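Only one chain is included here, represented as C-alpha cells and corresponding to the form predicted on its own.
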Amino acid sequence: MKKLLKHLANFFFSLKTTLWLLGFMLVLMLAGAFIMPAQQEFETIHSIPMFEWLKIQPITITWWLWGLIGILTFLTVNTLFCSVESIIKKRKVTQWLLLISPQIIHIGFLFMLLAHLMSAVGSYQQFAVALEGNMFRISDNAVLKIKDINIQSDYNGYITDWKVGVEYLKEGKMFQTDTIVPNSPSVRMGFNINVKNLQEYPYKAILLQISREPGAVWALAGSILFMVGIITLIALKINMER
C-alpha cells in the first residue's frame, strides 16, 4: 500500500506527468478535429449541457471527449500537487512575487477548468420566436414577458435601430424590468436574454435567445488571474536580467 501511494505521489508531483498529459490532449484533440466534421450529431453539441449531450451520443464518436475529460481531471490534480510542492520548496525565496506568480497562473487555469465544468453541467440555451405580450418560463419561479418591441426603419425599409422591453415576473407579479438594445442583452438571474433577429412586417416579431452560462464569472476571474500571473512573472524575469 505504501509503495502504491508513493508511486501515485511521484506521478502527480512530476512535471513529466504534465508534459505527457498535454501530449495526450493534443492527440485526442487532433482526433476530434477529424471526427467532428464527419458526424452530424455534433451539430447539437451546444444546444444542451455537454454532459447531457454526451449521455445520449454513441461512445464510438465521443470517446475522445471522454478521454479529454479524464486527462483534464488528472491535469487538475497534477497542477494542485505541483503548486503545493513549489511553494514548500521555494518558501524561503526573498522575492515573494516571484514565488506566487506561477501559482496565480495555476489558480487562473483551475478557475477556467471549473468554469467549463459548471457550464458543461448546468448551461442552458433556448431559441424562440416572440411577439409582444408573449411569456416564457425561464426558471421554476420566474417568467420572462416581452413587453414591447420598438423598431425604427428608414425610407427604404431597412432597420436603423431597435429596442425590446422585457419584464420578469414571479407568481404573476412583475419584479424587474429591462430593455434589450443592440450589443446590450438583458442579464438577470444568471440568464442572458438576447435578440438574434427581428422583423417589422407583416407584424413585429423577434428571434429570442435565452441562455445561461453558470461558469462565465469563474472563466472571467480565471482569465484575469492567468494574465496577471503571466505579466507579473515576465516583468520580474526582465527586471532580474537587467
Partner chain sequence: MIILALSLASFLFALWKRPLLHIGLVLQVAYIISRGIQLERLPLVGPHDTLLFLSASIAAFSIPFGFLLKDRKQFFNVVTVLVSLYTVFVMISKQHNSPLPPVLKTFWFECHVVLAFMSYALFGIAAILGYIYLNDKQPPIQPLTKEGEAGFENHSRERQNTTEGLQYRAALIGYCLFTLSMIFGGIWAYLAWGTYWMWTPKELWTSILWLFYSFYLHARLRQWWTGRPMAYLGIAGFVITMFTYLGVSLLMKSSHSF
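The term rigid core refers to the maximal set of C-alpha atoms that superpose within 1.5 Å between the two forms. Just so it is clear, the model here is predicted, and its values are computed rather than measured. Numbering follows the first chain given and starts at 1.
Beyond the structure shown, there is the form predicted in complex with the partner chain, which is absent from this document and is the topic of what follows.
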Quiz item: Should residue 147 be classed as touching the partner chain in the predicted complex when contacts are defined as heavy atoms within 4.5 Å?
Solution: no
Exercise. Check whether residue 40 has any heavy atom within 4.5 Å of a heavy atom of the partner chain in the predicted complex, and answer yes or no.
Key: no
Exercise. Give a yes or no for residue 237: in the predicted complex, does one of its heavy atoms lie within 4.5 Å of a heavy atom belonging to the partner chain?
Key: yes
Quiz item: Does residue 109 make contact with the partner chain in the predicted complex, using a 4.5 Å heavy atom cut-off?
Solution: yes
Exercise. Pick the stretch from 41-49, 170-178, 55-63, 199-207 whose residues have a heavy atom within 4.5 Å of the partner chain in the predicted complex.
Key: 41-49
Quiz item: Which one, 104, 138, 130, 115, lies within 4.5 Å of the partner chain in the predicted complex by heavy atoms?
Solution: 115
Quiz prompt | All of 15, 19 and 32 with a heavy atom within 4.5 Å of the partner chain in the predicted complex | solution = yes
Quiz prompt | Heavy atom within 4.5 Å of the partner chain in the predicted complex - qualifying residues of 182-212 | solution = 182, 183, 184, 185, 192, 194, 196, 209, 211
Quiz item: On a core-based superposition, does residue 114 travel 2 Å or more at its Cα between the shown form and the other one?
Solution: no
Quiz prompt | Rigid core superposed: residue 60 CA moves 2 Å or more between the shown form and the other one | solution = no
Practice problem: Please say whether, between the shown form and the other one, the C-alpha of residue 197 moves by 2 Å or more once the core is aligned. | Solution: yes
